[in-house]
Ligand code: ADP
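Only one chain is given next, in structure tokens, and it is the form predicted alone.
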């Protein structure tokens, strides 16, 4: 069964990326295209996307939202190394500014509900403009959660009467909650404020409306699909998700195995494979030198690439006076290299720790080359996320023979196999309770294995590097889900 799929997203690599969403959308689209599906993507043309590199579609496109017809332009390109078309909605008032969601990681644009309502409604107008009606409209996270709402209400009959909707929840912690004063802009009857599931504590919850109306729902790992149906990780939507559990499926994200490949990675000073790790030793030395750490192949190097936010377990790692890192650097013969940005207190603490400990060095910000270097040059990768819907860095680490140290949650639990001291089996080190002590103990466990079970480390590296995290399996699971969504749409029942 070959399917026509329109992905509507706020991000798509390499054009716009704020987190893992951009990687996932583009990689999934390419994998679906390789299976023979006709898949296309719509995102905004943020001002940092050069319109001179894009092909304009002829004629303006009207999008009815609010009280007016908003006249927009559309540009076209394609994903690199693929035939997947990417369409860019151009509207200077909403997208001609710095940032995807806000001017910084701590400040969102006040008009985000309108910016992404325009994108969601434009998806239908684009399909009419190019005379291409999809079988599936695949929305991603809260910014495009209005797509399944529009499909079930305004577009219930006519051109899209046979089109089904799928909504992927990449991170339930972000729900698009806003004041109900935004509702008139959505071009919907006020009766739908309650009837379509928008109402949330006398405000609007865009993700809740998408969950209520989508034909099928997915999350980005099987464990996360179960976790979000519990009060502890359901962010007040666990009841609704349990109600929709019949239509909720966890499909593990893959990774881009062309971009993240230690055998061909152009960012590395030397490439390597599971059968020949000599290049990894070169990467370690260069990484140590880059961060101002003493070049020494015998000392285990622990890497961290992260957003410095509460979700990522930064308090337990870096918290002043109680975080695990100070004790690790004081008591263990290790080195730690970190890059990240986010909460200002954590950025400052990393600067202080970098001056305090000669075996810890951190860089604030993000650098793609350094991210690849940390994955390749480190021996272990620390990822103590409070919750992790899927996670990509632990899979990058496994592919690069860098053993992850992770909290047993979400996609981390689905991708990392815990180390056995008896057999040497496993691909990483896991802990159950996110506390500074548990994190300290698990880093110490990995450090013990490095100095006392080097044969186990080599066995784990080989097993990790030969795991298959390509998107093809996930794409096949999405194909099956699309068929189910189309059957639900056709039958007219939930």
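The shown structure was predicted, so the numbers you read here are calculated from the model rather than taken from an experiment. Numbering follows the first chain given and starts at 1.
One more form of this protein should be noted, the form predicted together with this ligand, which is absent from this view; the next part is about it.
Partner absent here, but in the model of the complex, which of 68-76, 119-127, 322-330, 360-368 has residues with a heavy atom within 4.5 Å of this ligand? Partner-contacting stretch among the options: 360-368.
Might residue 17 be said to contact this ligand in the model of the complex, defining contact as any heavy atom within 4.5 Å? Looking in the model of the complex, residue contacts with this ligand include residue 17, since a heavy atom lies within 4.5 Å.
Looking at the partner-bound form in the model of the complex, is residue 401 within 4.5 Å of this ligand by any heavy atom? Heavy-atom contact with this ligand at 4.5 Å: absent for residue 401.
Is there a heavy atom of residue 209 lying 4.5 Å or less from a heavy atom of this ligand in the model of the complex? Because no heavy atom of residue 209 falls inside 4.5 Å of this ligand in the model of the complex, the answer is no.
Residue 396: heavy atom within 4.5 Å of this ligand in the model of the complex? Looking in the model of the complex, residue contacts with this ligand include residue 396, since a heavy atom lies within 4.5 Å.
Could you check which residue among 392, 204, 188, 249 gets a heavy atom within 4.5 Å of this ligand in the model of the complex? If I apply the 4.5 Å criterion carefully, the residue I get is 392.
Could you tell me which one of 223, 306, 288, 229 places a heavy atom within 4.5 Å of this ligand in the model of the complex? It is 306.
Could you pull out the residues of 338-360 that have any heavy atom within 4.5 Å of this ligand in the model of the complex? The stretch 338-360, when checked against this ligand in the model of the complex, contributes 339, 340, 341 at the 4.5 Å heavy-atom cut-off.
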